[in-house]
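As a starting point, one isolated chain is supplied in structure tokens, in the form predicted alone.
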């Protein structure tokens, strides 16, 4: 069955070579109890390790059932140890962190036996050695003799052909030694048992054959094999196959013995996960707030069509960047190159025509809440204040007061942008009548300059006083005095105020942004579209307008018009003086986000087939604000995550160190697993499983701690910004972070796991 043929094995230490076996020959019967004796260094253990496949010979051959092992691969040797060999070691070599039953099952686990089958076989083996009732104890709960019985049960459980016993009674007292020897002798009745021992008395008493070695040579054989036995049985070895669940179980049981260190390692490794989880929670929460802000507050933000629009699409930015990067940095030549002004490149001039205005009139009214056509018409207003007298103000005033055109509803029966976004605190709005609307902030505040423009003063003014205050709009023929071909403003404001031609107006209403529209917290003055129309109607045929139409210079400043100027040209001045003109800006307020998309699509359709200069481009205020805030948030998130990721790298290195320490601590276990037939990749899998468990624990610990830290974080943010529950951890982000944690810990443990898999099983078994 087993033949050692001309085997030699040497060990080299430094410059010294020791010949452990020298052309050694020996045959064994299928069933016998062979004891191998000899002094230390005679080659006994080397012979046993070669027979067991733990060590490999330099030359010769180990023949099993007539099959040579010369061409065996590592996997075949592993399978041979698992299927054909059962080891009984002097120091028992049990895995301390698993139960007795699991120790006995280990060989069958490696060979892929089902749970039910291996459990039955393991219990039967324990029953044979009298330890069935101790099956669920740990090795450290047994005596030395009991542990050796467990080792015997483990050797028997896989039903191997050969039992190899290395000094099985060396650590036992004489009484226990005899019990163990009786057990081994009983086993040898139907198996080949090869025992290495120094105890000649036990060998001669229990063995059927005694073999003595000296200096690597056979010097005595009490019962040599005379004739070669014929063995019809061919060598068939089932390959070992440890699955990942088994590796997880082994590692989990080991981790349980080092709970403190494991939790500290997991916590240290989770710090990066905690940081990133908090950052993502804040980023996610703020993005949700931004989205809600868009839906509730920006959904009706206007689409603005003005004389100039910023063309900042992606293609334009890429083109600018490409142009900028086309030149070499820090050139050596003596030339200066022209770089296009980025702002000028982005600016697009819109030529708003009557044709375009007619196109806008056909827009689907269901999508539009309100619309305003901003004209450049100057509105000159005189107020009266008992303390300061008569004063001139206009819709172009500066110094704190903001004048805007009130958007008009496209459908009188529908809700407009003002009704959707503002509360009317006093009065009522009538866009069909000339008038003003006072806008206060969320604390009912306005600038003092705004109050002065209404002809009022004081630290506090009642709604009643504001609504009862009358102002006068001055028409051109009263305001401008002609001197030759030029016109100068009339400075007699009292006379202008009391003129019969002046248009009396009042503040129609006082409005404030709704509480859920916090972005509408500004203040200023709005005027109705009817007021603009009234002013244009009164001024379009005025003397100054008629004169300006026939003159090629500015009748107010005596400056010649410049064809290329955007401000000093006849059309602009005529528009300011109140002549009929094309709007300088159009603001379209959508009903909602879906309506906005429909409006944008309608506006884009106008540009189809037109040259770039003839296209009308717009500014989507909602998209601009949300894109800007979103880009800023993304940039901040990326930077913070990059910093937090440093701790992930550090933790990955730390995991590698911890795993290497675990490899050193579990070196003997590695040797035991290899002796039982575990492949190199099985050993690697065990340590990868350990890092996998730590990664899972680290990831979940990080998420739990981050989730707890979100509570005080939200309290702090709410106290600062009045935004409740901002930080929200997305479940997908949590899962991704756990996956990242597992991935990084496995990567950190790859090198130590690889070191473990390459350890020599013989050396590993000698480790204490």
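Keep in mind the model is a prediction, meaning the values are calculated, not measured. Numbering follows the first chain given and starts at 1.
What comes next is about the form predicted in complex with adenosine-5'-diphosphate (ADP), which is not displayed.
Trainee: Is residue 724 close enough to touch adenosine-5'-diphosphate (ADP) in the predicted bound form, meaning at least one heavy atom pair within 4.5 Å?
Mentor: No, residue 724 is distant from the partner.
Trainee: Mark residue 35 yes when one of its heavy atoms lies within 4.5 Å of a heavy atom of adenosine-5'-diphosphate (ADP) in the predicted bound form, and no otherwise.
Mentor: Although adenosine-5'-diphosphate (ADP) is absent here, residue 35 would stay clear of it in the predicted bound form, with no heavy atoms inside 4.5 Å.
Trainee: Is there a heavy atom of residue 43 no more than 4.5 Å from a heavy atom of adenosine-5'-diphosphate (ADP) in the predicted bound form?
Mentor: Residue 43: yes, in contact with adenosine-5'-diphosphate (ADP) in the predicted bound form.
Trainee: Taking heavy atoms only, is residue 744 within 4.5 angstroms of adenosine-5'-diphosphate (ADP) in the predicted bound form?
Mentor: Residue 744 lies outside the contact set for adenosine-5'-diphosphate (ADP).
Trainee: Can you pick the stretch from 44 to 52, 66 to 74, 724 to 732, 697 to 705 whose heavy atoms fall within 4.5 Å of adenosine-5'-diphosphate (ADP) in the predicted bound form?
Mentor: Looking at the other structure, the answer is 44 to 52.
Trainee: Please tell me whether the candidate spot formed by 447, 509 and 524 is one where all three residues come within 4.5 Å of adenosine-5'-diphosphate (ADP) in the predicted bound form (heavy atoms).
Mentor: No: none of 447, 509 and 524 comes within 4.5 Å of adenosine-5'-diphosphate (ADP) in the predicted bound form.
Trainee: Output the sequence-ordered list of residues from 1 to 36 with at least one heavy atom within 4.5 Å of adenosine-5'-diphosphate (ADP) in the predicted bound form.
Mentor: Residues within 4.5 Å: 11, 13, 18, 20.
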